[in-house]
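As structure tokens, one chain now follows by itself in the form predicted alone.
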């Protein structure tokens, strides 16, 4: 007679012990579905090694090391906060405001150039020496080169407003390049999570700021950021308009509405993709999304150009070193603007800008494509690409 077998349990033997597991709780790992052959971070790094080693050549090994090193942050000082001694305490820890230091150094350098060339005709001067100085209203403190000390969390003032915002210090550069002047209306086309939006407001020159992002969840994060760093009465004065809409449509609906437009587009976020598995755009499930990025970026930049008034500035930026997402997007958008919309856009030379901040950041050699002179940035800070354009009509 066959022995009775209890099939509701299975036996698991390990290291001489026996465990009874109910069959309904037993899980068989499906390797093909749940365990990718390569993690997304490895796929990203392989992609970068293949493309950037050709693009950047001998520079790529050092840039690769910087990209995989611990990220270095800056503290964007919140001038809306009344928290006492914020800058003094950070300076006591060895931090310096890289904007005021580098801008002062650039002014001294320009003064020396002026004295050396005062006898020459102004037409013979180097255009890079004739660029205007930047407003010192934005303050961002960083630790010295090679020092990756961490900032303490910002403390709130008596009203609950935080004293500084931690971000990659290189993220402030597109805002500085945008050159916001008093009374300007500004569009931040892809604003979330809000670091650059907050930096724009630190200029105290914005008459009206439109901050937009397609993602509803990211827009909520943007709102929470601004609520933590701005007084309630400031938010209620209708100086900031926050929307969650497709930025590609704002070019038509808000044509010629802004003096300044920041187009900080979604990209492959190289440092994040190489180091963080969560929400990585190199995951197999996001392959089509990644492949469509250059088209999306071109459409967003074209919308930014449409939304800018004649004589206004547009800054296009990514946190990627990819030429396909950078130079190619800029060239395509300029061509489409001219051919399909009759809009003439001129690329501004940013060599003076790279020179101004060369003591804080390491810039790769500039790449010239026709009239384009576009610096690439990389250091302990994340990689940043930036291009400044001006709408002529």
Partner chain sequence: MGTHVCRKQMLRWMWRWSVCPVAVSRGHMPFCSTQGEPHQVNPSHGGQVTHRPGNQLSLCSLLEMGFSETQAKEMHEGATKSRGKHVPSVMTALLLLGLNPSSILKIMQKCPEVYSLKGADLQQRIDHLRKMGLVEGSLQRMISHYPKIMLLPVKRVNMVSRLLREKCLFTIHQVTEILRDSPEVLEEDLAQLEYKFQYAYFRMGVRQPEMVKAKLFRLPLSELRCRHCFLERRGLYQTPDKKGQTLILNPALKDVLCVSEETYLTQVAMATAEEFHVFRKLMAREQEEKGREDEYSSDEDEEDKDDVLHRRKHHWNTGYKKDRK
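Nothing here was measured: the structure is a model prediction, and the numbers come from that model. Positions refer to the first chain, counted from 1.
Unshown form predicted in complex with the partner chain; subsequent notes refer to it.
Taking the partner from elsewhere, residue 149 is found to have a heavy atom lying within 4.5 Å of the partner chain in the predicted bound form. Interface membership of residue 351, defined by any non-hydrogen atom within 4.5 Å of the partner chain in the predicted bound form, is ruled out.
Though the partner is left out of this view, residue 325 does not reach within 4.5 Å of the partner chain in the predicted bound form, counting heavy atoms only.
At the 4.5 Å threshold, heavy atoms of residue 42 reach the partner chain in the predicted bound form. Of the residues 53, 335, 62, 47, just one reaches the partner chain in the predicted bound form with a heavy atom at 4.5 Å or closer; this is 62. With the partner omitted here, the residue from 282, 165, 98, 73 that has a non-hydrogen atom within 4.5 angstroms of the partner chain in the predicted bound form is 73. Picking from 305 to 313, 271 to 279, 204 to 212, 87 to 95 the stretch near the partner chain in the predicted bound form, with a 4.5 Å limit on heavy atoms, gives 271 to 279.
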